[in-house]
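Presented below, as structure tokens, is a lone chain in the form predicted on its own.
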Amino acid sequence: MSNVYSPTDPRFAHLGPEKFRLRQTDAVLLDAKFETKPIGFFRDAAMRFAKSKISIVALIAISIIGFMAIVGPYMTPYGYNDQNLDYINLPPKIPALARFGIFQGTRVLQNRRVDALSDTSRYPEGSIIRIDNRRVMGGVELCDVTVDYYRYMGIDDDVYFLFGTDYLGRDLWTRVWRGTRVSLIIAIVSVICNVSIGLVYGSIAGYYGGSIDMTMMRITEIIDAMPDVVVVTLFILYFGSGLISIILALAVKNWIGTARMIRGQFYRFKNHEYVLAARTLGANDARLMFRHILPNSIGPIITRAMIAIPSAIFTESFLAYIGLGIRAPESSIGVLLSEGQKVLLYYPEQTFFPAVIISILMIGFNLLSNGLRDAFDPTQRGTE
């Protein structure tokens, strides 16, 4: 016999309605209320990026160099092409650091006759700092002399150059920061061109697919098969080595990688439900492409752009190094490195400062791109 209660069962006849009590509450039950504000995609990415200390340091370093590229050339009274043959190849002199024994404007003169050190016409009073490595060669006593090169050259005490001067007596501080500005402009504008072309090209190929995609991708494969250095070199040799020519040369092929990436993103998202719903509501192709599908690719686009900037800087420096860079008297990091390597053994500071800046930029942009890649990774959204 069943043990389930039934009103018609004689065994439960003594249990009337008064024997039962409803277990309920008069309180209105609702879903739990969120205690924090909703976090959007970009805010969530910014929060994750802020946790990457190395990326923050890289961003600060890049920002400082960018700031100096803007204001640095105006911090001294010398123009980037002001020449003075009395100031040729001077060493760097920074008064604020000279008291700590660095950047004192000194230079070592090797194989100098000891008996000539007292000649004030050759060594002005107070110009000799230290005498080292005395030796006798051929019956003549020689030594190495560390001198205050500014006094040695008869230059006034109130004249100094923070990064020294080049073979024409031009201020390297002004030329280095102006060259950094030119290199950054070339890199950033060329990357913008690459991303713009690749974005439109890849969007069309990925959205329409089929024969259109097949034709467009075969075109990119033909262009990509040409060697990069050969294409860029021939382009500059034909159109000249001006600023616009170099930017266009860097944009001839570099958009292909962006186009392929965008094409893959469109193939990934174009058949999702929200795209089909927007198409059902009457959205045209342009709106579907750039309003509904493309925003999902913003993270990879930003990351790729950050990676492309140091590559463009390096390519511009390489072109300048082989003599296809900016025309004189304009400077860039590549031009400065090309000029400095000719006198590297004698005046290493002319190579040192542009080399340090390009190294910081290359490392900084790569670390920054790594941080942005992790920040915009959709699989990390909402994680701590």
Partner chain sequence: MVITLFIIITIGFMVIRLMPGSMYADDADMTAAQMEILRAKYHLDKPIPVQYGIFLRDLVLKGDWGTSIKMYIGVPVFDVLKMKIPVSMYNNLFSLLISLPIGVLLGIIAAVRKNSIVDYTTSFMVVIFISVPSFIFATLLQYYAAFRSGWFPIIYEASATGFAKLHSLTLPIIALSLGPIARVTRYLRAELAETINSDFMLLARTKGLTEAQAILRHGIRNSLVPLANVVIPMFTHIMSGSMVIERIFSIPGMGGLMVSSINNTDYPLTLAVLIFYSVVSLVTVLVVDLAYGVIDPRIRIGGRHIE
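Positions refer to the first chain, counted from 1. In this text the structure is predicted, and so the values were computed from the model without any measurement.
Another form, the form predicted together with its partner chain, is not on view; read the next lines as being about it.
Trainee: Counting only non-hydrogen atoms, choose the one of 223 to 231, 160 to 168, 200 to 208, 79 to 87 that falls within 4.5 Å of its partner chain in the predicted complex.
Mentor: Heavy-atom contact with the partner occurs in 223 to 231.
Trainee: Does any heavy atom of I363 come within 4.5 Å of a heavy atom of its partner chain in the predicted complex?
Mentor: Yes, I363 lies within 4.5 Å of its partner chain in the predicted complex.
Trainee: For I56, is any heavy atom within 4.5 Å of its partner chain in the predicted complex, or not?
Mentor: Because no heavy atom of I56 falls inside 4.5 Å of its partner chain in the predicted complex, the answer is no.
Trainee: Contact with its partner chain in the predicted complex for L345, defined as at least one heavy atom pair within 4.5 Å: yes or no?
Mentor: Yes, L345 lies within 4.5 Å of its partner chain in the predicted complex.
Trainee: Heavy atoms within 4.5 Å of its partner chain in the predicted complex: does L337 have any?
Mentor: The answer is yes: L337 has a heavy atom within 4.5 Å of its partner chain.
Trainee: Of the options M75, A286, A277, L237, which one has a non-hydrogen atom that comes within 4.5 Å of its partner chain in the predicted complex?
Mentor: Looking at the other structure, the residue within range turns out to be L237.
Trainee: Check each of Y149, Y123, F314, F269 and return the one that places a heavy atom within 4.5 angstroms of its partner chain in the predicted complex.
Mentor: Of the candidates Y149, Y123, F314, F269, F314 is the one lying within 4.5 Å of its partner chain in the predicted complex.
Trainee: Counting only non-hydrogen atoms and a 4.5 Å threshold, tell me whether I212, I247 and I256 all contact its partner chain in the predicted complex.
Mentor: Judged in the predicted complex, none of I212, I247 and I256 sits within 4.5 Å of its partner chain.
Trainee: Counting only non-hydrogen atoms and a 4.5 Å cut-off, give the residues of 309 to 328 close to its partner chain in the predicted complex.
Mentor: In sequence order, F314, S317, F318, Y321, I322, L324 come within 4.5 Å of the partner.
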